[in-house]
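Only one chain is given next, in structure tokens, and it is the form predicted alone.
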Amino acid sequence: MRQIALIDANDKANYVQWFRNSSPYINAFRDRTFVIAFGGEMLADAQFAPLVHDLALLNSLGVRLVLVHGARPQIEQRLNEQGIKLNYANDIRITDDEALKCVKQASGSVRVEIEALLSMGVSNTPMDSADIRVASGNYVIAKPIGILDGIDFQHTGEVRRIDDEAIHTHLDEGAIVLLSPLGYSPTGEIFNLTAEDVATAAAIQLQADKLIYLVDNDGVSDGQQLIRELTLAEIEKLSLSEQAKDIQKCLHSAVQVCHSGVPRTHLINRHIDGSILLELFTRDGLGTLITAESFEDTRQAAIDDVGGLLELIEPLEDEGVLVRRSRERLEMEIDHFTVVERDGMIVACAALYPYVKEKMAELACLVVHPDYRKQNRADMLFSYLEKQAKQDGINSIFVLTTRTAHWFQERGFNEIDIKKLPMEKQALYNYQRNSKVFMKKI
């Protein structure tokens, strides 16, 4: 803990701010079930050891972890060493008797290596000598794929069900559960599975709170940049063929689990040290988040939002940009406010006060959190309120401002005389603030 003394003042401030901002997630994730899937490349590239510390930290915070590992590079290495040809059909490995031996050897070796790393205390960290229990076993019941298009896939299978009762028992005891890409049938056969199939089935049957894939790139791309958030509706509009094959598989899995009640799937870059912590404990993360519904919601404010509204607008009140509003006033006027909520945090707000007789409305208290400016949220919120005003029979919107005149002028507002305001508003005009008045016909 004394190592923080070596950090400079700016880094200390950033660390304190990050830690404070992460506290809601620490509370929210306790006793939640996360299924985390990664390929055998994590071990082949010696990237798993840093991840162990992060998994140990999550486990110590009360997160119920189910790990699903792949073993593709290890399997291919053994097949190549023994001169066994790799046979695929429809991008599915055909597992014959000889290949199955390699699959069992590779999967067993990977499983043992992961268990060993998780059993080792991480030295020189707060997790030193941490007692992490790992449970693995025949929790995946499988069936053969069988014959498709005349091709016998032999020992290649698919998940039939997960022994969720046994897994929940281990999770209740604080253990990390480890699932391999092998499945067992009631007749005693062993089948070669994909890690994606196992992770998908486990997330659904355990009704996990999150399914997390550690992938080879940043996540889903639109061809130019990372797509931070996707809903199921947006996935349908994607050109999947433009995505990497591992991303395509993860997206297919995400759609399945979302439709089955798992609220969130994360795709994060396995090459970034600490990526899983950055994704889980920061509001915007660093990968792609897939949800059934939008991660960000624009809605009418409720009384429970008053605290968040005060936190958002008070800095601008202190600067004199906004007229100061007491908690009592906010509570009384809460029905006039619309908020943009992002993962439980209010990042923008605005109020619309109608003057029904004059068919006019005042736009007030349009605020966007500093971290989320320059992302068109103010425009989107204004468009939302403009549409709402039209539906309510409003013909024009006016605003009083001292510091943001140009922003409104750029959006079609024109300066008007105070006398054009509703009489009720004219009576409340504060001549000391000397606000300019702008109006827009809608």
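Source: prediction; values computed, not measured. For every residue, the number given is its place in the sequence shown, counted from 1.
Beyond what is shown, the protein has a form predicted in complex with arginine; the following relates to that form.
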So which of Arg111, Arg160, Arg283, Arg72 reaches within 4.5 angstroms of arginine in the predicted complex, heavy atom to heavy atom? Arg283
So arginine isn't shown here. In the predicted complex, which residue out of Glu296, Glu229, Asp96, Asp246 has a non-hydrogen atom within 4.5 Å of it? Glu229
Are all three of Phe398, Arg403 and Phe438 close to arginine in the predicted complex, meaning a heavy atom of each within 4.5 Å? no
Candidate stretches 146-154, 194-202, 350-358, 275-283, one within 4.5 Å of arginine in the predicted complex by heavy atom: 275-283
Contact label in the predicted complex: Cys102 to arginine, heavy atom within 4.5 Å: no
Verify the contact flag for Arg264: yes if a non-hydrogen atom of it lies within 4.5 Å of a non-hydrogen atom of arginine in the predicted complex, no if not. yes
Look up in the predicted complex whether Leu289 has a non-hydrogen atom within 4.5 angstroms of arginine, and give yes or no. yes
Please determine whether Phe29 contacts arginine in the predicted complex, using a 4.5 Å cut-off between heavy atoms. yes
Residues of 343-374 having any heavy atom within 4.5 Å of arginine in the predicted complex, listed in sequence order: Asp343
